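Here's a solo chain for you in structure tokens, the form predicted alone.
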């Protein structure tokens, strides 16, 4: 029996589909997918033997209970208008478009709706998936959806009003962290050392990974980590002083700009 439909097979859609199958929570035979780029369908069938493909979005929606709409926010309205007549009272729309509200989707489809913000880190079964349900979703349906997501990440239920900031802290954060680390590397390269860029990147990435692991496995707070490394009168303490003086304004400005974008 087909349980899940995917409309769209971009970066996040392909990540979710691959993660669900890899985790074993669902089989290819239980999935049907449609995508605007028809040439992708053959590739998908070759990669996941047994998966069902649809000629159009309406067929994907008609033949699945849980429909993941994995398209860009500006395309969501068009897709929902296309599939609304193929939905039943038991259909569940799962939208990953952060800027499209649950109310917007309900107004167009009159069905059950889940808002989901996944993270690129789910490609390695890490990170957090944010979810919010409208009141028509049953406990059984929520349990099923979270079982899928727990196979690729941790799941955090939040209120829809909190999605803006929470998205910055989860889905956007890998990009933010990568940009910060890249500036860290570029600054190190300007210090006239014999170390190559690859040497520096390897050091930074492995240290960043190890730091996250210590914080997680030892349940260590950020302030405790700073205290452990920044001994009084030492090099780290001097660097932390610069960060404390310069970074608050930078991060406040970043949140101001990005939250306004929502």
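Residue numbers count along the first chain shown, from 1. The model shown is predicted, which means the values in this text are computed figures rather than measured ones.
Omitted from view is the form predicted together with a small molecule, to which the following refers.
Asks: Is residue 37 close enough to touch the small molecule in the predicted bound form, meaning at least one heavy atom pair within 4.5 Å?
Replies: Contact with the small molecule, yes.
Asks: Would you check, heavy atoms only and a 4.5 Å threshold, whether residue 11 touches the small molecule in the predicted bound form?
Replies: Answer yes; at least one heavy atom of residue 11 falls within 4.5 Å of the small molecule in the predicted bound form.
Asks: Does residue 73 make contact with the small molecule in the predicted bound form, using a 4.5 Å heavy atom cut-off?
Replies: Yes, residue 73 sits close enough to the small molecule in the predicted bound form that at least one of its heavy atoms falls within 4.5 Å.
Asks: Contact with the small molecule in the predicted bound form for residue 128, defined as at least one heavy atom pair within 4.5 Å: yes or no?
Replies: No.
Asks: Go through 63-71, 207-215, 223-231, 189-197 and give me the stretch that gets within 4.5 Å of the small molecule in the predicted bound form, heavy atoms only.
Replies: Only one stretch passes the 4.5 Å heavy-atom test: 63-71.
Asks: Taking the small molecule in the predicted bound form as the reference, which of 145, 97, 87, 158 has a non-hydrogen atom within 4.5 Å?
Replies: Residue within 4.5 Å of the partner: 97.
Asks: Just one of 108, 166, 117, 102 has a heavy atom within 4.5 Å of the small molecule in the predicted bound form. Which one?
Replies: When the small molecule is considered in the predicted bound form, the option within 4.5 Å is 117.
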